[in-house]
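Just the one chain here, laid out as structure tokens, in the form predicted alone.
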């Protein structure tokens, strides 16, 4: 019987330049799958407590998903893992494209790096044989240029993951790039790669990926595929009105993810730009503004139809039928660039009050090439603008830039300086919390972050579930793990026994009440997404719903196991708890990761979509922690929980 995993990892010690393949016991895959789960297992057990994130003891892992290459859909994601230099916590970043199957085609489920190389190197693996090569001539090149050079050298089928100048310069908001502009952006792990003097990983293999029951895999995928082509009846010009309707309606009904995935298929993630602004989902003006500050007459430049007109060709990640990505050419002569994602668009526009869409295309490409996280870059620019407006930063401090809201030219120049670590850019290149500590003068109030990481463009005052996950996940400030909206779209209660089913109609105010059902729903999201990240699944595909996207059935057909959905959720719980145990091992106090007061609605906004709203995370945290068997006061996993989950 063929297995969906390769059963091996490669451990590279950059200090002594050794590369050792290691066999991994089946029980590890049975307990953690691969992907994020395998990464958590290796890092927790092998990294000493208190390891310096930028030192030789930190371990950086490139991990492919358990289902990648098995014939399942939506399973082309890979996870980058390591101790985050940005937050000091467990760190991970997730990315699509084509790199995930390349890891397994090289004969491994994951590739880990420890130590620090004496000089710049890159790893090249050809059919399982690994070689470290000199990268001195690549150091200083941008990510896209480096990838193109390496593909010219090793052929177009070679998969490349690479850092740009941002990672080389140890910016704490840098990531790792692949597929000419896709980026595993969060947690600052590009800085870890830069500290290790590792410029790139180049993979070129032909190892086959198996599945225990290929016929069942194919049948399940065919059944799933029919849900992907759900039609969308709305034109782009109506999307802002949808947001207005969601804002003014006093009642809410559970959202079916089929609508959202049809938006993704038509426009990509940018299809929700104006909807999110009008609805109150998108934070504006450094989280201090509202839809009234960025009304339709300003947000019209972000209309999804305008973005679609610039699209030259759509593209799909590996094994994905949705195809939400695209290559575009903007009016500013930014030719053949990645279509900006929703997060990038709003971070570089509404958060800074910038109405110029062309500048968003330009900055998105600039940041992708530099390997810098667009979310944190936009958030840091917004922080700097507010500090300037409040008189905390002067024109002398800003190198002569007039950092006012919506000043496109100044915003572009500022972010260029951050990429180069030039002038004020050097101060801001390590995110808002680090900058606020240096600036002082009360500037920390305007540094919107959770545990050191800037949250994404989803306002937890609109959906309290986002604030729960921003604050309580082992990696703080993350939006890809759970929300009330996500729980509704996952529809887990249809497959997993004992989970609460949302009411068919409820008031908006009920979202803010603290009760056991909300804790169950939030914990279910965390468990399910930990499982999904072990499997290599894409969150967007999962939004179609758990009965339509047969994740649990794919896992059984691929592995030959006969586990129930509840048993798979326990695997997700184990992965989640191991990440929390990693944090405790490294001296992290979970309560220190709570998000800035402004993002919680303290004080509440006086106007706009989120007027009067406050999310009391202090009351929500104990019930969430209890769902995992973690201490209600401290968030630390109880000893009996570690024993139950076989975590040593």
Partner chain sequence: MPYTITDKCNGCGACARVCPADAISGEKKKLHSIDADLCIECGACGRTCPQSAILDAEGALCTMMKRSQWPKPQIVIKSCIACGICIDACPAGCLALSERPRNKGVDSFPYLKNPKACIGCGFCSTECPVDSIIMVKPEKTTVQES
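Numbering follows the first chain given and starts at 1. In this text, all values refer to a predicted model and were calculated from it rather than measured experimentally.
Heads up, the form predicted together with its partner chain isn't pictured, but that's what we're talking about next.
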{"query": "Check all three, 444, 460 and 609, heavy atom within 4.5 Å of its partner chain in the model of the complex", "finding": "no"}
{"query": "Which of 495-503, 207-215, 563-571, 468-476 sits within 4.5 Å of its partner chain in the model of the complex, heavy atom basis", "finding": "207-215"}
{"query": "One residue of 312, 234, 245, 514 in contact with its partner chain, assessed in the model of the complex (non-hydrogen atom, 4.5 angstroms)", "finding": "312"}
{"query": "One residue of 547, 395, 157, 437 in contact with its partner chain, assessed in the model of the complex (non-hydrogen atom, 4.5 angstroms)", "finding": "157"}
{"query": "4.5 angstroms heavy atom contact with its partner chain in the model of the complex for residue 321", "finding": "yes"}
{"query": "Heavy atom of residue 297 within 4.5 Å of its partner chain in the model of the complex", "finding": "no"}
{"query": "Heavy atom of residue 259 within 4.5 Å of its partner chain in the model of the complex", "finding": "no"}
{"query": "Partner proximity in the model of the complex: residue 91 to its partner chain, non-hydrogen atom cutoff 4.5 Å", "finding": "no"}
{"query": "Stretch 103-118: residues contacting its partner chain in the model of the complex, 4.5 Å heavy atom cut-off", "finding": "105"}
